[in-house]
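Just the one chain here, the form predicted on its own, laid out as structure tokens.
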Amino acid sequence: MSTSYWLDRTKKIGKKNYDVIVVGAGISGLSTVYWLNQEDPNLKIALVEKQRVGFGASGRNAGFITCGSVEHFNRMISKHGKQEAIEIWKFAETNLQLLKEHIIQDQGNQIEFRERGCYSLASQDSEFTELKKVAQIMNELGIATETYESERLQKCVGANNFVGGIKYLADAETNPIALLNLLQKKIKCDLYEQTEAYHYEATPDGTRVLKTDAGDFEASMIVFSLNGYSPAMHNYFSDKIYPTRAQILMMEPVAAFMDGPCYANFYLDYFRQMPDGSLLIGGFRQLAKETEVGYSDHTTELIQNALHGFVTTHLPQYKDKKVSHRWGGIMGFSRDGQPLIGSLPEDNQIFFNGGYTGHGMGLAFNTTKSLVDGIFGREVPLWLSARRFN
């Protein structure tokens, strides 16, 4: 983070005093404020945002609220062991339940919230063989999953050239900005948009001063909820969270034919039919891993052509439709694929959350609850704590 001398408005604005300052007004920042409100409704909280609410990945994602992790469950077991893999999956299921209980409630129709499950599709027999093993393992552990042979899959999803797939029955989808707007209505804080934070300092009396281009903010603690932008704020994150670009395109609507969102190519590509019949499709980052990094959210011809080519091959219903939108967004990929929470080693009053690895909508609400648990002295899962990297 940085600010120009010419754009610095500090001298014109006095210092603002709060109990807590949260930096970043995406799903994780808003959620952090929500759980702090639940802990102590009298806390005076400032929410500081460089652009506007949801301008980062929270307003640029596909709207999937998926359970689990960035990897298939069998690979999670290989990486984490069975017990921790189950815990990670259940954590995501709890995230959705908490969202429904605390935020969505009876407002699902207003935010295009639908619980239709989510498919994982196989384009090759070897993929389908692995997916069927995944479904078997998960069903044995009581995680609701169904297997679809190619004919049944084609009827339900309307996608060609897939040999089969499985469906995670507990997943959901939403309009992410509508969800954030609903969440914003349920929190109590002072929101400062168009305010860029670029540094913090500790004072002799034990408070922390957040330096921004709109003046100084002082509080007893600061929470960074910056996800992919975390390394730009502090070098502690440079080897833990990596800014990674995702690209999406949308196509004009056709009549509804898809009964749930889908992943393909082992979670790397994803698509869903929107309530109005338009198509959202994203992915193909694997074609240019070396360049799909950093903080620029521009789109590239290579990946956009690949996304359109996927539609032509698998979703002929849209072959004569025009592309209505193209965009990119910056995700925060963590070193091991799981989110991280904690405080900075050199300052235990500077807290953080991030590293959602493309699954912020499905993890952030519960992750920030765990962060607030940790702030107030309650135990947090070891796999979620940033101390695992020590």
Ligand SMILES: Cc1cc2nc3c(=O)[nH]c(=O)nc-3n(C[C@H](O)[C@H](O)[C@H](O)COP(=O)(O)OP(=O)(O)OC[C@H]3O[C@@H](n4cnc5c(N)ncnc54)[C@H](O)[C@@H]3O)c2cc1C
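Don't overthink the numbering: it's just position in the shown sequence, from 1. In this text the structure is predicted, and so the values were computed from the model without any measurement.
Keep in mind the form predicted in complex with the named molecule is missing from the figure; the text below concerns it.
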Evaluate residue 339 for contact with the named molecule in the model of the complex, applying a 4.5 angstroms cut-off between non-hydrogen atoms, and reply yes or no. no
Would you classify residue 362 as touching the named molecule in the model of the complex, given a 4.5 Å non-hydrogen atom cut-off? yes
Any chance residue 372 has a heavy atom within 4.5 Å of the named molecule in the model of the complex? no
Going by a heavy atom distance of 4.5 Å, is residue 69 a contact of the named molecule in the model of the complex? no
Candidate stretches 343-351, 35-43, 318-326, 56-64, one within 4.5 Å of the named molecule in the model of the complex by heavy atom: 56-64
On the criterion of a non-hydrogen atom at 4.5 angstroms or closer, are 165, 258 and 273 all touching the named molecule in the model of the complex? no
Taking 4.5 Å between heavy atoms as the contact cutoff, choose which of 196, 218, 269, 130 touches the named molecule in the model of the complex. 196
Position in contact with the named molecule when the complex is considered in the model of the complex, options 134, 233, 96, 250, heavy atoms within 4.5 Å: 233
Listed by sequence position, which residues of 202-237 have a non-hydrogen atom within 4.5 angstroms of the named molecule in the model of the complex? 225, 226, 227, 229, 233
